[in-house]
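Here's a solo chain for you in structure tokens, the form predicted on its own.
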Amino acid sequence: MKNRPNLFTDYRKESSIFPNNTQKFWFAVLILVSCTFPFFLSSYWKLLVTTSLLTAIACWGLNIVSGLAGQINLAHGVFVGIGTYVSAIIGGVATSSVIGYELDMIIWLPLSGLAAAFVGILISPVSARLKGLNLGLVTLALVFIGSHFFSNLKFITGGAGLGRKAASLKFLGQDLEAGLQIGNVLLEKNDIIYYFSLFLCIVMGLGVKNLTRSKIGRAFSAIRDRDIAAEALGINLFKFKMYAFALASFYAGIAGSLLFTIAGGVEPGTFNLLYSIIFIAIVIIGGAGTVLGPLYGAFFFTTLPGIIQAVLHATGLSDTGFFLNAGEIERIVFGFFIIFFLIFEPRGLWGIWFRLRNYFKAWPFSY
């Protein structure tokens, strides 16, 4: 077996998180490189990368319920909103119009995910009895119900058009709003949010990877591929669909708790149907049912405006009155890629990476 390092002899080794030392090495390199980003990226790109990390966490949640368990969920943005407002209540500042308790991040961060998971559990009985288009319509109704509550619970959200401040960064009693001095290095607020986001992205990503190789993950795949056959094999559809919605909502709540601390505030009109559709599009472009797909899709979607602006600036089109602005080009390109991947590469960006990796691994016998 020494001459065949990629030949697995048991399922445990094949399904491990890092099946070989090469993957462990590159994962360590990626973490080390990621830790240096705040020191050489501009503020704009730093915010884009931070947003990408948090968006990836939210998309992993949607990928659990839709990509792994095969349940349609058009209301994922509502669960992101729940996490956002729970964190704003527990960790935010109270004003004359909204409530806030200014508690520590170590309290509001997990509670944001748990609150969203609780709502996901409440709707799971519906998902156990419905599927396909019918389930999609129920989650669509949840979008409008959520939007109604977000707009009218003014003591929580501040109301439509006004909004409220996001949760304050206070970790273990240390106020991080003004930054953190570590030796001769001063970490600003955005740097701190980046490192928190990076840490959460690593932990939550490893959690998804571990889920796919667990009993629960295999049950999700069985339900996705043929739920009637899965039930005949003894899989409790109600229990595992509840797990799927709870886990997906937890990921959404965790992402939402930090996502709007970047801008400093949030407006209830943000969590509309389009916001939920964006998460679906990201998962499709990245690769539904895969672990790395949502991460690829999140970085593609979030950094696309920066890439388009850089291209327009480099080509001089931004100064010549081009008939399309950067926002319009972004929507056209994003829509094109959705159509492209649905038709030509259903596994998304992950599928392209998978093909390229196998091509070079098999070279020069790639045909």
Partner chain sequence: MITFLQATFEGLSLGAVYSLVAIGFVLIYKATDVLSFAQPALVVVGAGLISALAVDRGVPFWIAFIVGILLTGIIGLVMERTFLRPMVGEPVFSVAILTIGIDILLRTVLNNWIGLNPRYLGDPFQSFGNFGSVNVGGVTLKYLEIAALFTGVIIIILLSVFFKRSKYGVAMMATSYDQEAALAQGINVGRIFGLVWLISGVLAGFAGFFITGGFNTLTQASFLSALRVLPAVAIGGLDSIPGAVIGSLIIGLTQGYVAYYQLMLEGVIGFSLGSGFSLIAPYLIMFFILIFKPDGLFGTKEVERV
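Residue numbers count along the first chain shown, from 1. This one's a predicted model, so the numbers in the text were calculated from it and none came from an experiment.
One more form of this protein exists, namely the form predicted in complex with the partner chain; it is left out here, but the text below deals with it.
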Please determine, with the chain shown alone, which of 220 to 228, 102 to 110, 194 to 202, 290 to 298 has non-hydrogen atoms within 4.5 Å of the partner chain in the predicted bound form. 220 to 228
Using the partner position in the predicted bound form, report whether L180 sits within 4.5 Å of the partner chain, counting heavy atoms only. no
Would A94 count as a contact of the partner chain in the predicted bound form, using a 4.5 angstroms cut-off between non-hydrogen atoms? no
I'd like to check something about V29: if you look in the predicted bound form, is any of its heavy atoms closer than or equal to 4.5 Å to a heavy atom of the partner chain? no
Applying a 4.5 Å heavy atom distance criterion, does V33 contact the partner chain in the predicted bound form? no
Please pick, from V119, L169, L130, V98, the one residue with any non-hydrogen atom lying within 4.5 angstroms of the partner chain in the predicted bound form. L130
Partner contacts in the predicted bound form for 135 to 150 (non-hydrogen atom within 4.5 angstroms of the partner chain): L137, V138, L140, A141, L142, F144, I145, H148
